[in-house]
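Look below for two forms of one protein chain, each set out as structure tokens: first structure 1, then structure 2.
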Structure 1
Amino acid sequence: MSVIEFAANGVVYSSIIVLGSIGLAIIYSIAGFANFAHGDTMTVGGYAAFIAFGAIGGLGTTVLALPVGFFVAVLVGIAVAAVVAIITEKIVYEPLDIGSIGLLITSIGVAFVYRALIQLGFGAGRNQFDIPAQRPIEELIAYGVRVTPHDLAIVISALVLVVGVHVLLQYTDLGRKMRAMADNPDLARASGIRTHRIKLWSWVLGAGLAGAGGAFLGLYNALTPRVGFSVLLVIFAAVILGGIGSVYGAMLGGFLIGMVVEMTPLLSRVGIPIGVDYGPAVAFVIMVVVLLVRPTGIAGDGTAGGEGI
């Protein structure tokens, strides 16, 4: 494969990682703890989309070789992931008064519960959307780029969602309140902002983005009960690299880490014979090197805990 082909694959994979990273950063900024169930929330969204697509698969015409029903299924995956996250917040996290470390450990247990329930329902094997595989787009092959219409759909969909998050945070009342709460929860509460409601919206937004990422993971490869967990550490690396709690840092970190993972095989051309399976390890090494130079991450503002959306 050429460098351009590796880079093209990196852009597709990064698009998924960016969605997961933004969601994790939003939840960390508002809820105040690192949610280790975030990867399995992606899995929940992916399987919800899988079920929905099984029911409405052939709905409508096709866009980029995908039936419109697939995009409707992605919306279902987003909604289900958000609802599951809200239920988990109300039943598990909210009643607990155990601090951020306690909530972090609790979220590990929540992740196991999510995964076990999915495995009980669908088994441990692979599940794929009933969508025919596509050949690379002929017009792009001439430029050395081998991506399918499905890959292009993932990139464009992720870009639309990222722009939507930017608009929400910068140009809506909800976004301004979320940023105010992320900067200083006490001041936001004293200013009359209903912080409890803003926290619920952060779960909706963060888990919804994770659900979309899970659906695209299923389209990119396949769905298994561990598919979200398999990318969780990569997402954490992206969020830490970008600057913990920074949404825009998560976007940049997710893109960079995703590219590094997919382009790792290129190291074999300079005498380091490792494959893509070692990509996450290489990404972590790069993350550590960057943090040694800039401890708050690329977009971290250096405030206590690196918080701030």
Structure 2
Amino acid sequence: MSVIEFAANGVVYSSIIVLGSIGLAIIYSIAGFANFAHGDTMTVGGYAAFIAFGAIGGLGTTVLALPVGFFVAVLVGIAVAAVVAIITEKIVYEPLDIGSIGLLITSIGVAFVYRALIQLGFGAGRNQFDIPAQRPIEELIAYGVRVTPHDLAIVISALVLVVGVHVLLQYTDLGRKMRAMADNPDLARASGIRTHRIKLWSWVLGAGLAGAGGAFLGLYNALTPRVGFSVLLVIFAAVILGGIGSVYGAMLGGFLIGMVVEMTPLLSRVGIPIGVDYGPAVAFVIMVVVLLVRPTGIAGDGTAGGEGI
């Protein structure tokens, strides 16, 4: 495989990681804790899209070799992940009166409950969308790039969502309030922002993006109850690299870490015999090195407490 081919795979994988990272960063900056259930929220979204696609099937025409029904299913995945997150916030996190570390530990319990319920419902095996696999696009093979129309669909959809998040944060009232709250919750509340409501919206946004990521993860590979948890550490690495709590940092970090994971096999060409299995490990070592050199990440503002979005 050529370098450009590894890079193309990296872009596809990065698109999924970016969706997860943005959501994690939003939840971190508004709800105030490292949410270990984020990976399993992705799994929830992925399985919801899987059921929805099974119900509506190949609706309408096809776009990029995907039936329109698939995109509807992704929307269902987004909605279900958001609803599950809201319910969890209401039932589990909101009544808690403990600090961020207590919330972190609680979120591990939440992650286990999500995963256990999915495994009880669907078993531990693999589930795949009933969409025939595609051959790589002919026109691009000439340039040494082997990507399928499905890969292209993932990248474009992720791009649309990322731009949507940017517009939402910068040009809407909700986005302005979210940024204010991420910056300084007390000041935001004092200025009359209903911080409680903004927190719920941040769960909707963060979990919704995770749900989309989970659906694409299912299309990219296959769905298993562990699929979200297996990318959780990569997503954490991306978010920390970008500066925990920073959404634009998470976009950049997600892109870089996704590329690193997919391009790890190239290391063996420069004499470091490391296989593709070590992709997440390399991402992780990079994260630890970044933490040592610059504890606030690439886009972190260096202040200890209030990170801006």
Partner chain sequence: MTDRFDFGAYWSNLTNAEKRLTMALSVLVFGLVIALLTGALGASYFLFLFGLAGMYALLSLGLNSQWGFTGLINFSVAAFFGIGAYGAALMTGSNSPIAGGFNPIFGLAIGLVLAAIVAVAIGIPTLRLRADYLAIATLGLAEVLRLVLQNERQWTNGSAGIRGIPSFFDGWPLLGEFPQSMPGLEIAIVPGSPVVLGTPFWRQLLNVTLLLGFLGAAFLILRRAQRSPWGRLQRTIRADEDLAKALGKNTYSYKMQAFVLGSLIMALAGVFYAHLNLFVNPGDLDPITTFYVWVAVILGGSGSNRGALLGGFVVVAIREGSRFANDISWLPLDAAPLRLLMIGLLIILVMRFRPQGILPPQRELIWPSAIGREAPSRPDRGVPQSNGGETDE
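As the structure is a computational prediction, the values presented were derived from the model and not from experiment. Throughout, rigid core stands for the largest set of C-alpha atoms superposing within 1.5 Å between the two forms. For numbering, take structure 1's sequence and count from 1.
Taken from the form predicted together with the partner chain is structure 2; the remaining one is not. Once you line up the core between the two structures, the Cα of Val11 stays within less than 2 Å of where it was. Relative to the superposed core, Val289 moves its CA by 2.4 Å between the two structures.
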